[in-house]
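Heads up, the chain below is alone and in the form predicted on its own; it's given as structure tokens.
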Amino acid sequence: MASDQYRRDYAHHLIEQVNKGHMTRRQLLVRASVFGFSASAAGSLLAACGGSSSSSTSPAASASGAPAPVMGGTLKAILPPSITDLDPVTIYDQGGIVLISQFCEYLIDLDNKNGLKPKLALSWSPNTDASVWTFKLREGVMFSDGSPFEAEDVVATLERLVDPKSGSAALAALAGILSPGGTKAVDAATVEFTLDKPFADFPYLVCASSYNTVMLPRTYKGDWVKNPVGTGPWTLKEYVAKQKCTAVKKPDYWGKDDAGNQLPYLDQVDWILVQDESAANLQLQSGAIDLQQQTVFQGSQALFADPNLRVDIYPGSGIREVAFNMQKAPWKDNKPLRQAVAYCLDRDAINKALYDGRSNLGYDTFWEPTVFPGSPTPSPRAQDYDKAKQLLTDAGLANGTDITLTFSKYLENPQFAQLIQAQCEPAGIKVKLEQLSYDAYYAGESNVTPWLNAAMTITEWGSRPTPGVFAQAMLLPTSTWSSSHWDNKDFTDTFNQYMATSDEASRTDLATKASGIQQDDTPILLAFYITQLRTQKKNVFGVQGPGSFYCDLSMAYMTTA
């Protein structure tokens, strides 16, 4: 565990960074939460910087001016069905992630601005080089089968997730960071993680943004639907794949609100599973549904004008990754062609067409200060056909070229693909569109599935709270979910140094270098970061979580309509 002196030194370092103008007050709160400072301790750090120590929350996210909570009732919510079995270890899509998180919980949760907050872990702290992290657990928590939640359950859960034979989707984040044998129970309420290498953002890898890291009992044998055990506020009453899921209140849930009221407030949540977004929107407008946890702007414009509905807006970091597969023609060893496609894009026009201008522009790097506070500012990439044509000439393609773009018929992916096609044509790049069903796009093992093996793809990613988690999952040679199959030693070495240091000034320098390498080599396109939308009836309050795949209903309630 980090010494008291180390924590004091790091606290002074954060204050110094703010006072020198190298870090915002918001960024101090974020970094303090990563290193396990409590909310009150972080407030004291802000006070030491001068000015108010409070941290505001967006009115939409906090339901500002909401009436007092109401106990009881049944909420009807709509959600895309999971495309896989409802298994916490292997889920990776929106439907499965949202459903599992109703019944199971994480060590660390996310607030409405993607900050870290305690859940099953009360605190966490690193040693001096961030290679060993010690977590103190919440005591008195029970699984729904009556067994206690203890350190051995954390060990069993993480050992399962880092076992390559488990099929764990968490390996996308944990591979190369935590290996089998790295998680130990110090006592019933203390867990120690010994990492493969120093990693200053490790808490992000065991929080709600690492979707598979929900805590399961040490006795878990698989087939979660037949044995749906978790520590969450709900128990599973009924699940019919692709159709519906019924969650009922867990009467002895450990959570209470600030007034001491037992959570959850609701008695039951009926999840209706519908893939088609237009059909989901019609159910919202008819009044049959109370909540849509993620609203896609395309096709949903009428919801904003409906007097019975409220569309909440959350700052988000979800992306649509356009990946160039470096193992396949024409992208291998062809940086000029990759850059040419990047300079064909009119990112502002794409944002307006897909999201009515609500989302933040991206410039093909994960380090974006408008999305992730404290990031270096990348060089903007405006549409420039002259430059694109020159790059094509440099690639030996002065007369243009044909490429194929593969994507699923899901969310706004088809519209995005059509925009890319139209914007590339004036440069002489003809884009053939290959649209697959959602199931077909993700079908098969990792060595054959289209999303990881087609030459050029669009893949939807939910929000991540920090750029390092994105990069860890998709841009390293060890990344499990790499559609680009990029292997850039300079980037990897710089990224590893970035993740190994807790000195904020050094991290900024390293982030600037890593960001520049990513943008220059262009293994993927990042044209925007999506602002998240959530729609509910105007009498629904208290839904928590920063949009995307996060939906905490433990404090949700409904007033009389």
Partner chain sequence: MLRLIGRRLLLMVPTLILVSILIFALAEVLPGDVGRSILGPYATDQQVKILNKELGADRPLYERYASWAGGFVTGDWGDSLLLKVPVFPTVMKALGNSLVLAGFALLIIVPVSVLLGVYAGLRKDSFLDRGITISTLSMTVIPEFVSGVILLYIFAVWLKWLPVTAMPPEGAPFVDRFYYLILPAIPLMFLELGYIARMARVGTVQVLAMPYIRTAVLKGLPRRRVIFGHVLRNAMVPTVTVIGSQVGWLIGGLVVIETLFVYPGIGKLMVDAAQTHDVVMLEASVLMVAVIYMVSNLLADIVVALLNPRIRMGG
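Positions refer to the first chain, counted from 1. Basically, rigid core = biggest C-alpha set you can superpose within 1.5 Å across the two forms. All values derive from a computational prediction rather than experimental measurement.
The following text describes the form predicted in complex with the partner chain, which does not appear among the structures shown.
Task: Stretch in contact, per heavy atom within 4.5 angstroms of the partner chain in the predicted bound form, of 127 to 135, 101 to 109, 87 to 95, 188 to 196 - done: Comparing against the partner chain in the predicted bound form, the contact stretch is 87 to 95.
TODO: Scan M142, A382, A443, A398 and let me know which has any heavy atom within 4.5 Å of the partner chain in the predicted bound form.
DONE: None of the other options qualify; the answer is A443.
TODO: Identify, from the list K242, K117, K184, K256, the residue with a heavy atom within 4.5 Å of the partner chain in the predicted bound form.
DONE: None of the other options qualify; the answer is K242.
Task: Site test, S168, E238 and W451 vs the partner chain in the predicted bound form, non-hydrogen atom cutoff 4.5 Å - done: Every listed residue reaches the partner chain in the predicted bound form, so yes.
Task: the partner chain contact at E460 in the predicted bound form, heavy atom, 4.5 Å - done: It does: once the partner chain is placed as it appears in the predicted bound form, E460 has a heavy atom within 4.5 Å of it.
Open item on the list: Residue-level question: is D252 within 4.5 Å of the partner chain in the predicted bound form, judged on heavy atoms?
Closed with: No - in the predicted bound form, heavy atoms of D252 and the partner chain never come within 4.5 Å of each other.
- [ ] With heavy atoms only and a cut-off of 4.5 Å, decide whether L266 touches the partner chain in the predicted bound form.
- [x] Contact with the partner chain, no.
- [ ] Consider Q294 of the chain shown here, and say whether it contacts the partner chain in the predicted bound form, taking contact as heavy atoms within 4.5 Å.
- [x] Q294: no contact with the partner chain in the predicted bound form.
TODO: Counting only non-hydrogen atoms and a 4.5 Å cut-off, give the residues of 477 to 501 close to the partner chain in the predicted bound form.
DONE: Contacts from 477 to 501: T480, W481.
Open item on the list: Does V225 shift between this form and the one not shown by 2 angstroms or more at the C-alpha, the core having been superposed?
Closed with: No, V225 moves less than 2 Å.
TODO: Align on the rigid core first; then say whether the Cα of G444 has moved by at least 2 Å between this form and the one not shown.
DONE: Yes, the C-alpha moves 2 Å or more.
Open item on the list: How about S101 - superposed on the rigid core, does its CA move between this form and the one not shown by 2 Å or more?
Closed with: No: S101 shifts by under 2 Å between this form and the one not shown.
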